[in-house]
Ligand code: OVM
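Next up: just one chain, as structure tokens, the form predicted on its own.
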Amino acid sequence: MEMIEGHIAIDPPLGVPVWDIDPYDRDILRQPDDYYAQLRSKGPFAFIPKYSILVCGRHEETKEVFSDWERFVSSRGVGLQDFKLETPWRAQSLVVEADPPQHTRTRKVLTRALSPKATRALAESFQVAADKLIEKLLERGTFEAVEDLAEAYPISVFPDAVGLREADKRCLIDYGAMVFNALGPDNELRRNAMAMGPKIVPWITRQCQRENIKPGGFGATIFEAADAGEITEEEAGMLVRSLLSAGVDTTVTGIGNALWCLATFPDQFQKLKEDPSLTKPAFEEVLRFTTPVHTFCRTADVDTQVSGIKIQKGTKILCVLGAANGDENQWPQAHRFDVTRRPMGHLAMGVGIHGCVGQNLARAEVGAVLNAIVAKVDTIELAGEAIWRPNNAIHALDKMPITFKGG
């Protein structure tokens, strides 16, 4: 059995075009729009020989593969590596990299910890922190949006929400980037990310232990489930780890991408100023338009077919969520950022049983920031070039100087 990037090599299915492209090329990861459009034009699927994978980018097929956990599993890894054939670099996630029945049991605990009620209890403190930070940045005028706002805000509220006794900003942010880069091939991005492991992973592991979790936070709720016998002590620590791996980097990306959208499309920001009730749908449009998690894999666990294309068991399928969220058949004029659009059905937060379990928390954090900006900032202007950071699974900014102006 021939292996490529940790999964079985397959032949192109009948009727699927062979596409000589590297979706993990740095230039594509920085500016993926042309790649997304070409992918959608290929049909339901394309075959990429460099990695011996199928790739889909139309909304219909991507949603089907991404959501059908019985045929297309997550437990064999949501990156290129097939966990059924190779051991993952760390114990696999009990939520993202799991299927029922295990997924059902552990997700129930995490859903309770991150319930709407638990998140609403933090709304006031989130808003106070956001208001203070935006007022401070307004006084400065021009600042670095990624470091001073997109990274600074989640780190100011997330560790307390989880109940961490210690908060190392760099470790929390770099761990998320490391986990998402690990989903890609053995390229420079992945190698550089994994090289940070000896420093970051031990710190993350310590924070996930019961003695390092304060009472009253999400982490404490998870360990209460261990006390009740719903999960083991080890599983509780791993669920806290899931919060740390996905709870910071994606929110940082969401805030940064929202700022980029509002600075790039000032007419849309003015619509928000005129009608603040659009803030929530505006963030959904940010998610659709920029798709922070641009790519996840699934593995065919049975011989099956989608849109008439036969797919053999063991096939790795690259679900390009960013491309699916730009499908004109799903959203007319999908290339436009429109805060009045209500993009129901976008895939940026997952779908089905693998819908992002922390989406209430992410929306609460980003919502607080947007509320503060809409209330206090009159104009947002780019003060230099916006530079996107290549990552094997995340579409995020690296640097973006902007200027806030008040009344």
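Quick caveat: nothing in here was measured; it's all calculated off a predicted structure. Numbers for residues come from their place in the sequence shown, where the first is 1.
Omitted here: the form predicted together with the ligand. The next part is about that form.
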Partner proximity in the predicted complex: Ala225 to the ligand, non-hydrogen atom cutoff 4.5 Å: no
Heavy atoms within 4.5 Å of the ligand in the predicted complex: does Asn257 have any? no
Does the ligand come within 4.5 Å of any heavy atom of Val96 in the predicted complex? yes
Within a 4.5 Å heavy atom cut-off, is Ile200 in contact with the ligand in the predicted complex? no
Pick from 282-290, 178-186, 259-267, 127-135: which stretch has non-hydrogen atoms within 4.5 Å of the ligand in the predicted complex? 178-186
Partner-free chain; cross-checking the ligand in the predicted complex, the single residue of Ser245, Gln81, Thr106, Asn325 with a heavy atom within 4.5 Å is Ser245
Candidate from Phe143, Phe158, Phe296, Trp331 lying within 4.5 Å of the ligand in the predicted complex - any heavy atom: Phe296
Any residue of 107-141 that, in the predicted complex, places a heavy atom within 4.5 Å of the ligand: none
